[in-house]
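Have a look below at one chain only, the form predicted alone, in structure tokens format.
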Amino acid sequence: MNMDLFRRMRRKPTLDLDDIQATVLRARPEPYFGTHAILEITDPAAGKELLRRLAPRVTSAARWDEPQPSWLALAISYQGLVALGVPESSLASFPANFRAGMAARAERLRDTGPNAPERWEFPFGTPRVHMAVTVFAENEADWQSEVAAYEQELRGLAGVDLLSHQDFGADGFNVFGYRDGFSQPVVEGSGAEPLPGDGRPIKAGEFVLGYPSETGSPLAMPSPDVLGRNGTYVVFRKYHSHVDAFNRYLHDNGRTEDERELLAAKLVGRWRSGAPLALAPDGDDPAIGADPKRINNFDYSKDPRGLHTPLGSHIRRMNPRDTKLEVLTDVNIRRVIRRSTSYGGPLPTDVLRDDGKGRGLDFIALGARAIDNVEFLQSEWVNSGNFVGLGKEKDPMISLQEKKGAYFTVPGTPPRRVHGIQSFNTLLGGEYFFMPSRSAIDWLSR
């Protein structure tokens, strides 16, 4: 279910859609296929030549609501900008956390223990991660054709090395068996008509540099203007998902399949079909999960205690909507555009042992505040519960849990604390990137 095909462009866009990369506004199709590639630039001239070669393949956001068989996105790390020979005055205009890189921000992100940078897979955590190229496609043939096209541009280009190549793809459900990727903010000026439950469009400057933000003014952007305007930031975090551990946890704490599925829904905040507990508190309703006009048309105004959707459930943490927060924050400036992808196949719910295969999630967040927001979410909303009065309780799905004493609260009379919760995802690496506009790609290539 590609929500953007339902969220049609019914208003006149006011953004420079021809200059903005497609991935900012175009959701991945369903089903989807694709590849993430990480490149290192060892010669500035070669890096600029690669940008010239790839520029015609970088798809714009024009007519983002129409089907597109495949498209290519390009993003560059701070070290990549250095490797391209970007002037020091421009480099210094980028925010400090972007310049530092994700590995250096591990403490703020709570990336410790199994998630610490020294445990990441190569090339993450090294200064060699310079450029990320991603291909999205709606079918296998177009995916392979687009990958072959950009690989052809790499051949014979000394001074640019391919460090990693990861394929991904799914039918709209992640490796835990949950429909995902459909709840996105509506960007003001994109031309999108909000669907029920989307809320008002959020100011474009929260997602694309150079436009007014929720504060009324544009956020600071890199200089010169041709480099910063119509660009955005990207947070990429690759996780390995322990689906077997999730299955065991459900079996250990539920006597029947219905009990296990209800507990799973309480952890996530939705049933596997995507139907939210707020609309289907007693059992899954696939009809809601398949209806773009109902799947997000809810709030928590009638559930302040979390009797239907627990306060600590994953989706309520990531988007509290109208939940009364103990620690005040403007939810609208904490929104990010998510373009996450799944890799590897799911495990059936009755499989309780790891089969040794790689599977998981590539978490991808885009936005003008994406780096700040992900650091905030990781520190305050994922790995703490203070903002909803839950103390040290953490996000049940994506946090790093302590070995002993971790639990999840299911509100009720009396409330139930489900103990022994584990870390169901382990971070394999990541990086902060800048996604330049198409005109900025041209500027960088000179």
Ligand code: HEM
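Position 1 is the first residue in the sequence shown; the rest follow in order. Note that the structure is predicted; figures quoted are calculated from it, not measured.
There is another form of the same protein, the form predicted in complex with this ligand; it is not shown, and what comes next is about it.
Only one of 208-216, 170-178, 145-153, 349-357 places residue heavy atoms within 4.5 angstroms of this ligand in the predicted bound form, namely 170-178. With the partner removed from view, the residue among S93, N247, S183, S164 that has a non-hydrogen atom within 4.5 Å of this ligand in the predicted bound form turns out to be S183. None of V418, A27, V388, I398 but one reaches within 4.5 angstroms of this ligand in the predicted bound form through a heavy atom, and that residue is I398.
Shown alone here, F98 lies farther than 4.5 Å from this ligand in the predicted bound form, counting heavy atoms only. This ligand is not shown here, and in the predicted bound form it never comes within 4.5 Å of any heavy atom of T35. When contacts are judged by a 4.5 Å heavy atom cut-off, T23 does not count as touching this ligand in the predicted bound form. Using a 4.5 angstroms limit between non-hydrogen atoms, T232 is distant from this ligand in the predicted bound form.
Residues of 338-373 placing a heavy atom within 4.5 Å of this ligand in the predicted bound form, in sequence order: R338, L361, F363.
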